[in-house]
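Coming up is one lone chain in structure tokens, specifically the form predicted on its own.
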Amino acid sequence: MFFYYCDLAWRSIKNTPALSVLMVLAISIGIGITITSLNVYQMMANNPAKERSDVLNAVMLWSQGPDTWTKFNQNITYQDAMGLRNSQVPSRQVASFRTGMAVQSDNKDIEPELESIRVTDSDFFGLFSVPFLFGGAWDKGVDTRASYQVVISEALNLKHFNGANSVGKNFYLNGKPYQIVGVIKDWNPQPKYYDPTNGAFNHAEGIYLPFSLTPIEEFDVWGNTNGWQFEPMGTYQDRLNSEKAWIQFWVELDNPEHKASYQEWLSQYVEKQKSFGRFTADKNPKESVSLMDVQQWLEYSKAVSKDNKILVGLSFLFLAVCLVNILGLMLTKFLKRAPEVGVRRAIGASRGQIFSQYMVEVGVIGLLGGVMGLLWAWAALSILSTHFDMAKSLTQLDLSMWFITPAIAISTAVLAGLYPAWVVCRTNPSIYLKSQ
């Protein structure tokens, strides 16, 4: 019976092409706008850490003084980063910040160019599950005994070494040679949760340097630096000794007990710092520490802005307006076929069968509108990517949309078709039999 109704629906669509095209077009535009905003929102709300989300924790400390900021700073100071690195509790721990330098290799055909660089610890690659193409991270001993080693991305390796294994070769940063110890595969978590303070949807850095080189090379900071009091910065050491917060700190904690143990360690650390005259805010040590897993961290960092949520809501409102128009078109179309319905009722068709037939028809119209809406969404995302400089990761049509879109289109079309189908199935056959 279902396929018979499908056949009737297709014949009805062909018999009223203008009305049918208008309905499909109205649904497709509403669906296209809704899916575009929903896709961007979904890509922004993605948790790239997936099953490891609970064990990866961002560390925040209330190191500011009284009457300053009203919430935890996402970054910590250099002196706190060095203090936290002494803990033996976490399975892995990582301090990092963003810098940049001019890069070049022995390939003289390639001009030096400015690149974004992440200065970090060796645990960075294991903690964030960074895949390697050649080699690996520098030895853990380099985290305390600085060495001029570097990990580069697959793209840089392809550009400077034609994709060959470059481990052991030199790579030059601001003219200084660094030995390549690893080449990572294409890796670009979105949102860039390990450092959303420098743009949650910026591309991951292509170069990684040991954090232990920071006081030696006096790396510039290409990111946010926050300070709650005036401190003169005559030398780089002044920055290292200051209360300026500019370093992101992550730890890996395997279970809730492990997390509780580390929180206790952090409280003891803060208590010790208070005895040195730091952490002067009116908070006890436990209130001065915060651990957030990746999902909590993304919400705290507002990776998905409130504007995006409003945009999704507005797009669904626009879809509702489209449905009201579709409802009117369907009512016009179905009432035109009232005589045909009267005849069918007279020869024995029940109201339920008439209602089912029209529901199948609106479902087919909804499906066609959904397919066209998917094409609108794909085109809109392409335009956003090419003409409005939006991150490509946000403008890729997610695989789930190929299933969500038809479901939304059919269900909304069926919703809009309920009233017209109900009206037409209540047709009194005697009226039309007399008229004929």
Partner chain sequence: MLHIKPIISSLLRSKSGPVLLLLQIILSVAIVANASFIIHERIALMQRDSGIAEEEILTFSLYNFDDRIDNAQQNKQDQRILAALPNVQAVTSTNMIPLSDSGWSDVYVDSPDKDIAKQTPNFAFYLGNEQMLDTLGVKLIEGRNFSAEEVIYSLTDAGAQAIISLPLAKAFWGDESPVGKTMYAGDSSIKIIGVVEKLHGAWVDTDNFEYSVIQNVDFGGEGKNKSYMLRAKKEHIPELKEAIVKALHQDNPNRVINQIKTIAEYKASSYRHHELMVAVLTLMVVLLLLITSLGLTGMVMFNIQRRTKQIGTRRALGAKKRDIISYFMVENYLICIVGGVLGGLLAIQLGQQLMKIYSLPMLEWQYPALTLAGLFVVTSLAVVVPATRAANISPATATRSA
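Keep in mind that what you see is a predicted model, and the values were worked out from it rather than measured. Positions refer to the first chain, counted from 1. Rigid core (definition): largest C-alpha set, two forms, superposition within 1.5 Å.
Below: the form predicted in complex with its partner chain, not depicted.
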item	value
Sole residue of L158, M359, V89, L311 within 4.5 Å of its partner chain in the model of the complex, by heavy atom	L311
Among the candidates G126, G100, G163, P189, the residue which, in the model of the complex, approaches its partner chain to within 4.5 Å (heavy atoms)	G100
Candidate spot I76, V142 and A245, all three touching its partner chain in the model of the complex (heavy atom, 4.5 Å)	no
Exercise: I29 in contact with its partner chain in the model of the complex, heavy atom 4.5 Å	yes
I33 within 4.5 Å of its partner chain in the model of the complex, heavy atoms	yes
Exercise: F318 in contact with its partner chain in the model of the complex, heavy atom 4.5 Å	yes
Partner proximity in the model of the complex: Y419 to its partner chain, non-hydrogen atom cutoff 4.5 Å	yes
Listed range touching its partner chain, judged in the model of the complex by heavy atoms within 4.5 Å, from 180 to 188, 146 to 154, 279 to 287, 299 to 307	299 to 307
Any residue of 102 to 117 that, in the model of the complex, places a heavy atom within 4.5 Å of its partner chain	A102, Q104, P112, E113, L114
Post core alignment: Y419 C-alpha displaced by 2 Å or more between the shown form and the other one	yes
Core-aligned CA displacement of L158 at least 2 Å between the shown form and the other one	no
C-alpha of L311 off by 2 Å or more between the shown form and the other one on rigid core	no
